[in-house]
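To begin, one chain is listed below as structure tokens, in the form predicted alone.
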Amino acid sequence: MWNFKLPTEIIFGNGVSANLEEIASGFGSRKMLVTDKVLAELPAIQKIVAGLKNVSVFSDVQPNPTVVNVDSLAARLRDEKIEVVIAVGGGSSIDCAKAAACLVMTDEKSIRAFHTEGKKFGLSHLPVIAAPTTAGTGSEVTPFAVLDDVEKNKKGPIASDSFYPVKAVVDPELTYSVPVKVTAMTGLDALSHAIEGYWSKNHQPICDILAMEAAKKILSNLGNVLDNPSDKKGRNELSYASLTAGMAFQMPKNAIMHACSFPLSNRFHMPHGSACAFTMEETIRLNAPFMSGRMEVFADYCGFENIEGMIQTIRNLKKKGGLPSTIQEAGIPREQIDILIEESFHPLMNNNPKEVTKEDLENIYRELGA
């Protein structure tokens, strides 16, 4: 038995972000556009803002969105009686918008009650329209928001069905100017979503198909885009792959790669995509023998003769994108490895096909240079 759902309507294509005013107006007249400070200054985003009527802009979103960012946005939404939220940016902006759009419908003043203290959301939320500017997070079609509580030293996801955006407006043109390193990080983040959606204990047939399709597109196109950032066809394919990977993991959920990523980001400020990619090769080697040949099928579908060929391609993509592949390159002191291992046992680890032990993680970090 299995089930699948995706309540988000997807609008995909070059130039579709030009229709945001028409799309948003169907949900209300008072709008808030959520983005970050860097994007807010770009002509493409300013053009979107100029095309919206009765809109305010919130740009105080950090690269790893914090509890404070969400609380500040929720306060603005309340004060200005906003009716519809438009998130334009990477996963940080979209996650911040999703969380605030739910918080504003509660009596709580801070998202901390739900993120750190375990309170559950109901189904009430302001409508969120998500327009991603990177090909990586898939946040436009997932019920998750990854937040950083700096004060409590906790980074991790909140999950709620109320987090699904009502519309995903995926315009590949918004990704054309993304720098090479960010393209690599986000592309490998999407690959981690595809792989973990496929090997999660909760995997199911529709998500398996989506995962394999996403991974094939990423592994076929990311290297070309890193070599030639103006490759519009390749970037279109990566936007499609990121969306598809988001659909692939949104129900099965993540596993070991994401569990290990949280302390890497918390302690060593590694960007999320880079943190997910950091253990990718070794976690594939760890899990493949426990998947009854399914990982061999995955590699074959992606065009590789064997799993090691796929692993080598992933390693080359990290190198080409300037991402760390060893603890030395990541600047992680050897004496911190035990702490990393201890803090990697996030609940997502329970979705892994192999039951992960401390010894498994010790072996992974040993292979990574510890």
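Keep in mind that this is a model prediction, so the values were computed, not measured. Residue indices: 1-based, along the sequence shown.
A second form of this protein, the form predicted in complex with a small molecule, is not displayed here; the remarks below concern that form.
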Does the small molecule get within 4.5 angstroms of any non-hydrogen atom of residue 242 in the predicted complex? no
Applying a 4.5 Å heavy atom distance criterion, does residue 134 contact the small molecule in the predicted complex? yes
Going by a heavy atom distance of 4.5 Å, is residue 115 a contact of the small molecule in the predicted complex? no
Using a 4.5 Å heavy atom cut-off, state whether residue 36 contacts the small molecule in the predicted complex. yes
Tell me whether 42, 95 and 144, taken together, all sit within 4.5 Å of the small molecule in the predicted complex, counting heavy atoms only. yes
Report the stretch among 297-305, 63-71, 311-319, 340-348 that approaches the small molecule in the predicted complex to within 4.5 Å, counting heavy atoms only. 63-71
Heavy atom within 4.5 Å of the small molecule in the predicted complex: which of 179, 293, 122, 205 fits that? Just give me the one. 179
